[in-house]
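Only one chain comes next, encoded as C-alpha cells, the form predicted alone.
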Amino acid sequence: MWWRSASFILDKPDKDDAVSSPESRLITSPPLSMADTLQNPNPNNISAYYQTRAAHHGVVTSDWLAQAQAAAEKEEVTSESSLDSGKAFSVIDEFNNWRKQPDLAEAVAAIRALAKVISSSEATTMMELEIELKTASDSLKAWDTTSISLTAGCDLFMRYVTRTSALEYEDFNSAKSRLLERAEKFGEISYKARRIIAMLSQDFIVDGCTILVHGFSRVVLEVLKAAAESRKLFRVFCTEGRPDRTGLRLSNELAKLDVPVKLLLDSAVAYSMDEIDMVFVGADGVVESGGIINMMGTYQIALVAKSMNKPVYVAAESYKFARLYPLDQKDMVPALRPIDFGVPIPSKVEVETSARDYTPPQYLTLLFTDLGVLTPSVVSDELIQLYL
C-alpha cells in the first residue's frame, strides 16, 4: 500500500428463454422500464444488477464532487420515505426509493435503507433491533444474489454498526441513537467514496496521456471528470462495451466535458494498445486475492495490457470488497444478461450470456480506493480489517 487515508475500518471503543421457433431464435429481451426493474428485479434469472444499469441508461446527472462536498458539510440527503401514513415500513421499498437516483450506487442505497430500519424500528431491546437489522440485511442480499457490491455493502454495514459499545448501554434509547448515528456516518462515508478516489488518482493522470476505459463506471467517470476540471490535457479511448454499449454512455459524458474521446470496437483493444499509456477500469467486486470481478472483457484487456507493459488501474469503493476467492472464470455466481445480436440466431447455437469475468491480481497494477492506493497484494489485509 502506498498511502492510507482515514477510513471506516474502526472500531475504537468509542435464460431469459429466447423467443424461439423450431427454425430460429433471437437472444433478446423487451426493454425494461425503471418501474419494472424495481418491482421485478430478477425475472427469468437475469441479473438485477445489470437490469438496473440498463434502466439508468444514459443518465449521470449529478456533480459528484459537489455532492461529496455537501456531504462533508453534513448537508442532509433525502429520500422518499416508505413510511406513508397507514403503510408498514418495508426495507425493499425504501431500498427501491433510493435506487431511483441513477448516480447512487446500489450498495449505498442498501446502506441508506438499513439506516432507515433503525430509525423506524419499534424494537424495545437491543436483541430485537439486531434481529430486525439482520433480517432486513438478509432480505436485501436475497433481492439480487448476483450483486457483489450489494452483499458486501450489507455485510460491512452490519459489522460497522453493530460493533460498538452502544450494545452495552443500559438505556435502550441511548444505544439505539448511537447505532443510528453510526449507520448515518457509514452512509456518508460510503457516499463520499468516489470523491476520495478521484482525488487520490489525480497524480497518475498526467498531461498528454491516453487512457483506455472499458464500459461505464461511475467512479472512473468521476476520476476523469476531476482530471478534466483540473484542466489536465489527456484523451480517452472508450471500448464500445457490447452488448449494452455502456462505452457509448461514457463517451457521451466525456464529450460533454470537452475531453477528447475515441470510441473503439471491443475487438480493437490489442490493435490500439500501443497508443495507450494506461488502462482505467471500475469493478463490480474486489475479491480476497486482490483480483477483480467486472464487466465482461476486462480480463482480456488486462491480458493485452500486461503483455505490452501498460499499467492497469482499478477504481473501486471499499464497500465492493467481498469475501470471495474465485479460482477461475466459472467459480462465481453467474450474472446473466439478455443479448440482442440484431439478427435471428439459430436455435442450435449456444450464446454466452454471462455479464462479467474475473481478472486475477497479477494483471493489475494498483487499486484506487477510499481506503488509499493499494497494491493487489494488500487487499487481503484490508479485507481482514474490514470484516474482523
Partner chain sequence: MDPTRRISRVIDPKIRHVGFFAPQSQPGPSESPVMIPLPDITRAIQVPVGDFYHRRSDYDVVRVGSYDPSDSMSSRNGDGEFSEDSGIWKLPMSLPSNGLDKLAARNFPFGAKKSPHDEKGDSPAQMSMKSVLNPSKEKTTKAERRALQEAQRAAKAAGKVSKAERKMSSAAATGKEASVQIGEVVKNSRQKKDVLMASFEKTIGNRPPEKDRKKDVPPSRMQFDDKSRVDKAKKHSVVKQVEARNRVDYFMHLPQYERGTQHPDLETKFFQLNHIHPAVYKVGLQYLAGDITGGNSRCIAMLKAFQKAIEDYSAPLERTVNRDLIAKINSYVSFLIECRPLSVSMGNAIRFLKAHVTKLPPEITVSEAKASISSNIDRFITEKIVLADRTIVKHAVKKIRDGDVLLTYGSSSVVEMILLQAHELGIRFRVVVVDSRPKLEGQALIRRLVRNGVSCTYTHINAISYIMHEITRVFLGAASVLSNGTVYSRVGTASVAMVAHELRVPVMICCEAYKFHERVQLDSICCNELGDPRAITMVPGEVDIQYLDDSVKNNGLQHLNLLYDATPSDYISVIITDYGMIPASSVPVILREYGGEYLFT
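Numbering follows the first chain given and starts at 1. It should be emphasised that the depicted structure is a prediction, and the values quoted were computed from it without experimental measurement.
Absent from the display: the form predicted in complex with the partner chain. The rest refers to it.
> If we define contact as a non-hydrogen atom of the residue within 4.5 angstroms of the partner, is residue 288 a contact of the partner chain in the predicted complex?
Yes, residue 288 lies within 4.5 Å of the partner chain in the predicted complex.
> Residue-level question: is residue 343 within 4.5 Å of the partner chain in the predicted complex, judged on heavy atoms?
Answer no; every heavy atom of residue 343 is more than 4.5 Å from the partner chain in the predicted complex.
> Answer yes if any heavy atom of residue 331 is within 4.5 Å of a heavy atom of the partner chain in the predicted complex; otherwise answer no.
Contact with the partner chain, yes.
> Is residue 380 one of the residues lying within 4.5 Å of the partner chain in the predicted complex, judged by heavy atom distances?
Residue 380: yes, in contact with the partner chain in the predicted complex.
> Within 293 to 331, which residues have a heavy atom closer than or equal to 4.5 Å from the partner chain in the predicted complex?
323, 325, 326, 327, 328, 330, 331 sit within 4.5 Å of the partner.
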